[in-house]
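Encoded as structure tokens, the following chain is the form predicted alone, with no partner shown.
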Amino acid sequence: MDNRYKHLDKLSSEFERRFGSAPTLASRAPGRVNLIGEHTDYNDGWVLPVALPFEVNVAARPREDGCVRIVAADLGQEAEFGPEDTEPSEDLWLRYPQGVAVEMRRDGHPLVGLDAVYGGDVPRGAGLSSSAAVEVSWVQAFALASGLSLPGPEIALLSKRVENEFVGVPTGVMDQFISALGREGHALLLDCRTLEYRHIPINLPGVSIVVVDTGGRRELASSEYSRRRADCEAAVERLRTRLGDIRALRDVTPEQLEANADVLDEVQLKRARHVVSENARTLEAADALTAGDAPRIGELMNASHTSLRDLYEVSSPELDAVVEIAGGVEGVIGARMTGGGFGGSAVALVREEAVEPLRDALAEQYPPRAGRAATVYVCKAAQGAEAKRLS
């Protein structure tokens, strides 16, 4: 079943009600989940995300005066801005489309204005990149309306700049890259240093991607994220005294790390061991997906969670509970926390006959441990962003 543009009918009706006629173009961009490769992005490493069948849609019609009038259908909010409005809005939701327009113009792209309605179903607060889906969908809408043809990597980098510099959230590039460049039935192996990427076929027939939102929100994520980055940077500085001109932990092999472990303090060594081993796991997982080697993928996912819990120390009791419960269900290939940690979601690869047993196990065992129910999303790898004319 094609789930693309699944909110367009509702948004088009709202567009006609608000603006008096039908929209002439639409765009869409999906959220994502990362199968493996956590906290490797800012260490110049590799990640292996997939696009999810949750998306943000924009229904729009060009304007010639450069003004942008927006209805945020899910939020019940309306606003407008012009080409001269280059300071970030006080309304956080508006910074995303406004930032896209500002950054596209800064790149020299001539933009028309838009009347637009947007909304979607990417779960907010679950670590599934709803913000990247918003950014990428707006780039697609502005580009089509203005007669621009932008390659996927440019869309991703522009959207990342919006998130970092206009919205003010210091993320890596993975979220925007997979939203812009995802392919149905594939994961995306992204080199976060070179930005080279490969679509990796998910050769696991009869297997679903199950995302479990723990309901635990990531109160510690921001401060601890900064601390983990600092730990990694300090480890590189110390290892550089032995290994020469290394730029990031990506440049360190497991053998080199263990041979020079004495230059690191206990915390730095734990962080470095996670990153170095996670990079190796991610590259191996890409090969295992292509080969359809389900047992090996499961081993790598489970090892990733253990490393994130014990070495990088970014898991949470709720995430650990989900992974442990999943591990006890026959037919679950592997499970791990995904995202920054301290809450958010876990991801599992699950044989289709095991999906309902996993739901049942989570419904029975998770609330007594976490004090709340978990939300389960059963998915396949979806197609990345696009835009189309409606008339």
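So that there is no doubt, residue numbering starts at 1 and follows the sequence shown. These numbers were taken from a predicted model, which means no experiment stands behind them.
Same protein, other form: the form predicted in complex with a small molecule, not shown, and the subject of what follows.
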query: Of these, 170-178, 299-307, 240-248, 144-152, which stretch puts a heavy atom within 4.5 angstroms of the small molecule in the model of the complex?
result: 170-178
- request: Although the small molecule is absent from this view, report whether D41 comes within 4.5 Å of it in the model of the complex, heavy atoms only.
  value: yes
- prompt: Taking heavy atoms only, is G344 within 4.5 angstroms of the small molecule in the model of the complex?
  reply: no
message: Since only the chain is shown here, I'm wondering whether G66 would be in contact with the small molecule in the model of the complex (any heavy atom pair within 4.5 Å).
response: no
field: 4.5 Å heavy atom contact, G340 to the small molecule in the model of the complex
entry: yes
F166, F81, Y197, Y225 - the one with a heavy atom within 4.5 Å of the small molecule in the model of the complex: Y225
